[in-house]
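The chain that follows stands alone, in the form predicted alone, written as structure tokens.
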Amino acid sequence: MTLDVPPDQKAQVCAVMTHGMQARIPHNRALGLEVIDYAASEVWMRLPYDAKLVGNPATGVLHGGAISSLMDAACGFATMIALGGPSPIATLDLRIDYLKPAIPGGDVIAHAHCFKITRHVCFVRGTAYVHDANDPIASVAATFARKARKPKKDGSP
């Protein structure tokens, strides 16, 4: 799958990415996470508001664990886009600072950017917001280990 497509085909690529993520990671499927846009080394993902994800029924605010899962997935996706496609990676570190509660009833959007790749580690940062990217509800800094690909049975790379 190539990510360099005309703008009118980008939604289709996002749908393929969402389907692949949800097929491989049941937790992300249960949360309803979806890829809504991407660029070189960047991704935007949505966590649809769902009452089953509310952490405090009195306020209707989403649980921080759901937002944490969204940000982990977005950081991983940004890393794979930066690496040029699906790659074996593992979260080494994920620090989330919650800045304020999400707005009850609103979808949460995560934007993640992989800004540095070394031989063994990828560095990512991002934010989550409800309506305004300039008014984030959380920020994230993460590192991912690059894992060696298993050799194919025929010995090809």
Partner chain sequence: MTATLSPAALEGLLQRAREARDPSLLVAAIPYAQFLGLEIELEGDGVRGRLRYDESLIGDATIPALHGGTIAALLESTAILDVLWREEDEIVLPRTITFTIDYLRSGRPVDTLCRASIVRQGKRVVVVSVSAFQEADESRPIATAVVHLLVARDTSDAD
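Residue numbers count along the first chain shown, from 1. Since the structure is predicted, the reported quantities are computational estimates derived from the model, not experimental observations.
Just so it is clear, the following notes concern the form predicted in complex with the partner chain, a form of the same protein that is not shown.
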Query raised in the report: Counting only heavy atoms and a 4.5 Å cutoff, which of 109-117, 35-43, 123-131, 50-58 contacts the partner chain in the predicted bound form?
Result: 50-58
Query raised in the report: Can all three of 27, 31 and 91 be found with a heavy atom no more than 4.5 Å from the partner chain in the predicted bound form?
Result: yes
Query raised in the report: Contact between residue 81 and the partner chain in the predicted bound form at 4.5 Å, heavy atoms?
Result: no
Requested in this report: Within 4.5 Å of the partner chain in the predicted bound form, which residues of 107-121 have a heavy atom? Give them in sequence order, or say none.
Outcome: none
